[in-house]
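Quick heads-up: it's one chain on its own, the form predicted alone, in structure tokens.
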């Protein structure tokens, strides 16, 4: 069932997506595909997704109650009931297909110009002391064995020497999945972090900052630009992402970041060496067992009085079984195997276990900040259960 009027803002055209030194070139038809996918995802969020709640209340839940003489008690029972409903089947299939189409569209255009993209990145990265790759580093198998976000080969596959194709594919296609909701440079989460810091700690002036799981640097650059006098260390386990991230940052005039290939469970930095440590959508991408070691590392690495911030989607605790079910979609259908376990965890307890004082833990929310000249004024948006540009922010003061 369609609503009478869309409440999701119309996505901007792909032609307005920001360019940098390692941006893949796009042809007319390639941009048209991304425009179609952005419009499709906006339509699914605004007009098709709300029908799932109606389907649950009017069909799936009553059927379950007749069969079991009670309402569904957790998200797993909600899922078993909803898997039989045609509306959920349609929405879920379309959402999964949109992700696969995005990956196929991005991969096709990147492979068409693979050599040039890699040469552009290599030229920017040449002999830079700001890019520290370890030829002997072995990424954890819990990362290398998963094609996250349905991307063929994941973030670790290298098709050529000094390859950045995995990162280029992600960079060129994220606009379509988020319908432009992360802004011109897909950096809305970074602006959310820097905006939150400026609002709550206006006099905060960190000297050293650590970004764990920096990926392509989308979320990193706005924070580095907000504190230009600080020294940033950006860590990731995927060399293709780091090559791309360094080249992207350099081409955009950001020079206060050192990109390091390493495991966030064992960071090659001294104790108490950072004033700010942050992650953006990182914890749900790593092993549920590894999270404890990652949090212990943040305790070891942070100075007394420093800030540790994590940006994620809300934890499941306190949410209704239906909302938990909807928020769990990515774990089941978008190759996010650690999503479920991470969002079930008691993060306060884990931070305390890592050595932090529970009384110094904070919880808030943070919204993306985008360029209004291009994207217009923020409009009311339906909840997209994981893709809306609004996050659950939690952390601790050491």
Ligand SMILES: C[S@@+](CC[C@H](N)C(=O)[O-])C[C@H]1O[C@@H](n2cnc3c(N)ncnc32)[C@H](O)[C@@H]1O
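Numbering follows the first chain given and starts at 1. Every value quoted in this text rests on a predicted model; they were computed, and no experiment measured them.
The protein also exists as the form predicted in complex with the named molecule; that form is not presented, and the subsequent description refers to it.
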Counting only non-hydrogen atoms, which stretch in 112-120, 98-106, 319-327, 257-265 is within 4.5 Å of the named molecule in the predicted complex?
257-265
In the predicted complex, does each residue in the set 194, 306 and 366 place a non-hydrogen atom within 4.5 angstroms of the named molecule?
no
In the predicted complex, is there a heavy atom of the named molecule that lies within 4.5 Å of any heavy atom of residue 163, even though the partner is absent here?
no
How about residue 281 - does it come within 4.5 Å of the named molecule in the predicted complex, if we only consider non-hydrogen atoms?
yes
Since only the chain is shown here, I'm wondering whether residue 236 would be in contact with the named molecule in the predicted complex (any heavy atom pair within 4.5 Å).
yes
Could you tell me if residue 250 has a non-hydrogen atom within 4.5 Å of the named molecule in the predicted complex?
no
Which listed residue (88, 185, 155, 227) meets the criterion of a heavy atom within 4.5 Å of the named molecule in the predicted complex?
155
State the residue from 206, 72, 213, 222 whose non-hydrogen atoms include one within 4.5 Å of the named molecule in the predicted complex.
213
Mind listing which residues of 286-302 have a heavy atom within 4.5 Å of the named molecule in the predicted complex?
286
